[in-house]
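Presented as structure tokens, the chain that follows is alone, the form predicted alone.
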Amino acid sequence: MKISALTLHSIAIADPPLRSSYGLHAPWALRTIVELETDDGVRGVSETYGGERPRAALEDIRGRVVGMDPFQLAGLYGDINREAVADAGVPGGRSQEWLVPGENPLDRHNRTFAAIEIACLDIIGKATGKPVCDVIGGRVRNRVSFSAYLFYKHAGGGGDGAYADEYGEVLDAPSAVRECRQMIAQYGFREIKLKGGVLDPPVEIETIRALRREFGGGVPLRIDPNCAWSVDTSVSIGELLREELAGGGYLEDPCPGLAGMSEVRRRLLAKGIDTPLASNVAVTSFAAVPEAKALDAVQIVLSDPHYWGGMRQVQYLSHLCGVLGMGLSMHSNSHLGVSLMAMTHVAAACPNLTYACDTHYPWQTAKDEIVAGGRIQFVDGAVEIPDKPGLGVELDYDQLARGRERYEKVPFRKRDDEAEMRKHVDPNWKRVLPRW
């Protein structure tokens, strides 16, 4: 079996005006759909970051991929990473503190390999008649839990104005509770994460407290300000939310850098507060994991099959975190059903991934879904592994064509949340870390 064709589909999907410390989401999120076909007619797919740079990186390895055996992934990984900027001895060298996902040049080789690896694993699963999670070592769970991922947002549904604004404007605690109530009613989520670092800390503190009052102590809460707070502010908020973030919750990337997070952890422990700190910003490479452990800066690592270098790399991360006694969850980015299924399969095959995963899926719409048969279904906040080979999904080519048409009309080719803030909210806005 050899790969005979590599097809790249650049698409755009509507994205609501969500806020984070990076700025404001543009009306369109860009994605790249990778489609591989073998000489005996087996097709594999994956979904990855969109825009010019991710697509160009995939085009650069076209000659290496076409003609390869999809089972021989280790050789491809070695070839791609031979050209990578060496970060093995630079803990935190691929930090996401300043660059939005998909735009960090140090991620280029990992995310490029991941896009090919996932499509190859889809092929392998179909060729062997096995789901991907069983191809990569076997599942430890049949269903994978996800969390309600709340955002402060402005009014609007994103896209060209024809998309419904399902959640409305969310810029205070009562509207965030309403947003969460809607999301849980539709998807059944049993854990809640708030994207913070957007409004003044007292507003975000009250939002978490309001969520606790509404949903009770049996629903774990998390908050992620993406490094927007100083060490002092992080410690203060950790004190004020010690009860709300207990019971399976965590505080994610409260301040910049592992040294800063280590100081937050030390000061909170000195006050008798054992709230775990999580990260998908300060810990983005294997070299950073032991340093984070040694500093006691991070207790929970948020993985991602895209920028960690694929599904098997996430499994390796799961094993490493298990050895080091660290927890594991999964980060998310604006995505459709193909990425959701890739996340689900790898999470099902990671014994140490015991925290509900993030997902932006509720923020995307059926109107843009490219999976044949429509949107992936959640049952009680979880996605079940389908009884189908590979990832368990096929492409809807009519929907894919519509996504390509939208992409051609979008005036930008990279994500820039800071520019969107200046355009729509404050012409003088720039990202400052820490902001509070």
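Note that this is a predicted model, so its numbers are computed, not measured. Start at 1 with the first residue shown and count on from there.
Although not depicted, the form predicted in complex with a further copy of the same chain is the subject of the following passage.
Only one of 212, 139, 109, 360 lies close to a further copy of the same chain in the predicted complex, with a heavy atom inside 4.5 Å, and it is 139.
Only one of the listed residues (313, 262, 332, 104) places a non-hydrogen atom within 4.5 angstroms of a further copy of the same chain in the predicted complex, and that residue is 313.
a further copy of the same chain is not drawn, but in the predicted complex it has no heavy atom within 4.5 Å of residue 8.
Under a 4.5 angstroms non-hydrogen atom cutoff, a further copy of the same chain in the predicted complex has residue 75 among its neighbouring residues. Contact check for residue 135: a non-hydrogen atom falls within 4.5 Å of a further copy of the same chain in the predicted complex. In the predicted complex, a further copy of the same chain sits within 4.5 Å of a heavy atom belonging to residue 320. Partner proximity in the predicted complex, defined as non-hydrogen atoms within 4.5 angstroms of a further copy of the same chain, places exactly one of 321-329, 264-272, 241-249, 165-173 at the interface: 321-329. Applying a 4.5 Å heavy atom cutoff to a further copy of the same chain in the predicted complex picks out 1 as the lone residue from 1-38.
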